[in-house]
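Let's start with one chain on its own, the form predicted on its own, as structure tokens.
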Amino acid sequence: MIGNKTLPRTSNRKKQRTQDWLIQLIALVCGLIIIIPVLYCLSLSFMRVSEILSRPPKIFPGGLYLGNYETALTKSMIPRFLLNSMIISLICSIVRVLTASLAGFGFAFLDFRGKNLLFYLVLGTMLIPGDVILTSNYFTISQLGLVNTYLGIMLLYFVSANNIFMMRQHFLTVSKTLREAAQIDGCGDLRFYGQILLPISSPVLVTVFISSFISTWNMYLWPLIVANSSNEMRTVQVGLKTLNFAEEASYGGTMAGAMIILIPTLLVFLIFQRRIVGGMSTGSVKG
């Protein structure tokens, strides 16, 4: 009897291991498909023009040639584009964290008339494609006199329904007794939100911040429209399309510029990687 019971357990473990290896193999293949073009771009950024245009094409550079990076940094406005994107991404991400956490707190802990209807309306905005309201948004920004300004580019990205939903769902996992105990001690709503709720929600807040930073860093169409007549207000994604190098440096310089643009988001992700994983896996707060 004991031997018959152990056989199914052993077979189940083997099946589970096989499935795990298969999933890891599929994930590895998908990761390679995604990362190979980026690695090839990195390789091209260290090549001279003769190597880039060689036949057959070269995969690896013959040496560590840094002239493309020097060209990208000194003969273009990439430093200015990086500054613009950094300012816009940081401010938008901070404001998004505040608006999402405040709205999530209201939907999770406060009781008021029409709360559910308002929440469903917020979720309904996720179903509206951004391109549909692009023209009306531009006219609004233009009437406010915010064309070719930081505020004009950032204004549409201060609030995100997806982030509000994420924060609300997380706050619902927080034990209600925690708020009741805080109220008994004379703690008001804002004090509970600022001194208790936010510190225990730091993984989710970091996740919202990083996702907002990356999404605003990579936005292209809206900055292209709003900063249409000011080259100094362009972001990195728009500025990369407008790089004008000499013919002999166009390929390598563009690839070097693309690599420079990737550095900030890569650093942010690597620094806060553990926080992101913690924010995705965080569960309920135990009292």
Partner chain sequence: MEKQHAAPAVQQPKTGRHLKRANGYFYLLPALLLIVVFSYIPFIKTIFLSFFTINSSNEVVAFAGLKNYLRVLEDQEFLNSVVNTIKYTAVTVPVTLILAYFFAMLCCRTRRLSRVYETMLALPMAVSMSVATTIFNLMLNPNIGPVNHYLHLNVEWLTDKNTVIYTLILIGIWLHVGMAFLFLLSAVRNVPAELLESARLDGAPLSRQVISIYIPMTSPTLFYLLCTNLASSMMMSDLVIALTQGGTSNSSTSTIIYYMYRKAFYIYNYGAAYASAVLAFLIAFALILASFILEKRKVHYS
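Positions refer to the first chain, counted from 1. All of these numbers come straight from a predicted model, not from anything done at the bench. By rigid core we mean the largest C-alpha set that fits within 1.5 Å across both forms.
Keep in mind that the form predicted in complex with the partner chain is not shown, yet the notes after this line are about it.
Participant: Since the chain is shown here on its own, which stretch among 196-204, 150-158, 168-176, 68-76 would lie within 4.5 Å of the partner chain in the predicted bound form, judged by heavy atoms?
Facilitator: That would be stretch 150-158.
Participant: Check whether E180 has any heavy atom within 4.5 Å of a heavy atom of the partner chain in the predicted bound form, and answer yes or no.
Facilitator: No.
Participant: Please run the contact check for L64 against the partner chain in the predicted bound form: heavy atoms, 4.5 angstroms, yes or no?
Facilitator: Because no heavy atom of L64 falls inside 4.5 Å of the partner chain in the predicted bound form, the answer is no.
Participant: Wondering, does F107 line up within 4.5 Å of the partner chain in the predicted bound form on heavy atoms?
Facilitator: Contact check for F107: yes, within 4.5 Å of the partner chain in the predicted bound form.
Participant: Going by a heavy atom distance of 4.5 Å, is G145 a contact of the partner chain in the predicted bound form?
Facilitator: No.
Participant: Going through 89-113, which residues have a heavy atom within 4.5 Å of the partner chain in the predicted bound form? Please give them in sequence order.
Facilitator: Residues within 4.5 Å: T99, L102, A103, F105, G106, F107, L110, D111, F112, R113.
Participant: Does G63 count as moved between this form and the one not shown, where moved means a C-alpha shift of 2 angstroms or more after fitting the rigid core?
Facilitator: It does not reach a 2 Å shift.
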